[in-house]
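What follows is one chain in structure tokens, specifically the form predicted on its own.
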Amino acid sequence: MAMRKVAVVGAGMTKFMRRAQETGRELAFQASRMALDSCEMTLDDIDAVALGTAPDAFDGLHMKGEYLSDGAGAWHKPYMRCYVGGGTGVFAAIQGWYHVASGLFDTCLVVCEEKMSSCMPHPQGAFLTIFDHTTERALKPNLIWIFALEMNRYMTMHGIEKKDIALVAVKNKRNALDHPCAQLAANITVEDVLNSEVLAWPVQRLDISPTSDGAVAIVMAAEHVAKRITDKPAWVRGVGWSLDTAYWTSRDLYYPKYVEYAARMAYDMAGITEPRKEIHVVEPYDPFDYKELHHLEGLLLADKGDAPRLTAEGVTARDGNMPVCPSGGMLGVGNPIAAAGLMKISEIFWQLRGEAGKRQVPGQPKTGLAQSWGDLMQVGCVMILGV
């Protein structure tokens, strides 16, 4: 049986911030309600629900997937939960696509939620448990200093300076000033980044996204349903994913091969042969400023080591030839892990429909790419949408 065409027809997003009152269940409900309202659907129109959320320790809840299920609209509905670190947001949407493309369901609500501020005493306490208990955990690693190793290797391999990378933080935080859900929007300078607190060299405070709480939801529908719901469906043209080894010490960290493999899979499915010409707007995963550059190269949208030049020359600006993170990305909008990846897809959806408000890129983009990345620098997930 041939796969069916699938479209994103609705999307909703809560404000990203630290929250002392709302529970994760309530955040999932808010995003789900917004997504359904946006396409004038109700839960009665939804056949299945795909949820993405981090392990239980992050929200401080046992069996978190079950806890979130009714808030995510899954009461008495087929329901699945997935998690692949920061890659979860796009991976969950890929699961939603599978549900509908297979013919098993006509509609699927995809919900991603994270309440990072609930992780006590700090999210890094949960991250510590993902490392190998014999070879790594004794060193008490945390993700920041592992990413510092990767960032340093990337800089050293290509002769890139810190100021070249800081331009990404400046761009994205400034873009976020136009996003109503942004947590860390700011008008900063390269000097502000270079003078900010050193966390683990070369990672500094303004190089990194914040601890965030929030949720995002999208509605996916088969072709015959999508055309009935909206005259502006955003079709899923390609999906891709790749998983590298968890042993990051055995890989050369200057280049994310797993992102390239995921991108090639998505490009092949979408029939894209020249991505730099055929992709009109990009939302790569940017929890650190260097990761936007790293991922652009892995997505084959920039030559190895050349992404900083594109940024410096304004190519990746909102009004540039290849707008990158016109939303403000995770650096400016925030980083509730699973929800941040699904935000990337919702932003592409809004851009393609001309509904991104002040963050809308000039002209009318026809094709966009969302990418997420996670776990121990090993997961690549890509989705390409088109109109």
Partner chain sequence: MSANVENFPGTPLSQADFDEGKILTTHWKPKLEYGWDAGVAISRYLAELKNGRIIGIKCSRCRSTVVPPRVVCEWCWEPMDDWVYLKDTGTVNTFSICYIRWDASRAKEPQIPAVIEIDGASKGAGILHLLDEVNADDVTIGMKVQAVWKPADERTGAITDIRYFKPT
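Given the structure is predicted, the values throughout are model-derived calculations rather than measurements. Residue numbers count along the first chain shown, from 1.
The next section is about a form of this same protein that is not shown, the form predicted together with its partner chain.
The stretch among 100 to 108, 271 to 279, 74 to 82, 149 to 157 whose residues place heavy atoms within 4.5 Å of its partner chain in the predicted bound form is 149 to 157.
Although the partner is absent here, Ser69 lies well away from its partner chain in the predicted bound form, with no heavy atom inside 4.5 Å. For Thr14, a non-hydrogen atom is located within 4.5 Å of its partner chain in the predicted bound form, even though that partner is not displayed. Taking the partner from the other structure, its partner chain in the predicted bound form has a heavy atom within 4.5 Å of a heavy atom of Trp350.
Contact annotation: Pro141 falls within 4.5 Å of its partner chain in the predicted bound form, judged by heavy atom distances. Think of it this way: in the predicted bound form, its partner chain has a heavy atom of just one of Glu197, Asp303, Glu161, Glu191 within 4.5 Å, and the residue is Glu197. Put simply, of Val315, Ile130, Cys181, Met265 only one has a heavy atom within 4.5 Å of its partner chain in the predicted bound form, and it is Cys181. Residues Trp350, Glu355, Ala356, Gly357, Arg359 of 347 to 379 are found to place at least one heavy atom within 4.5 Å of its partner chain in the predicted bound form.
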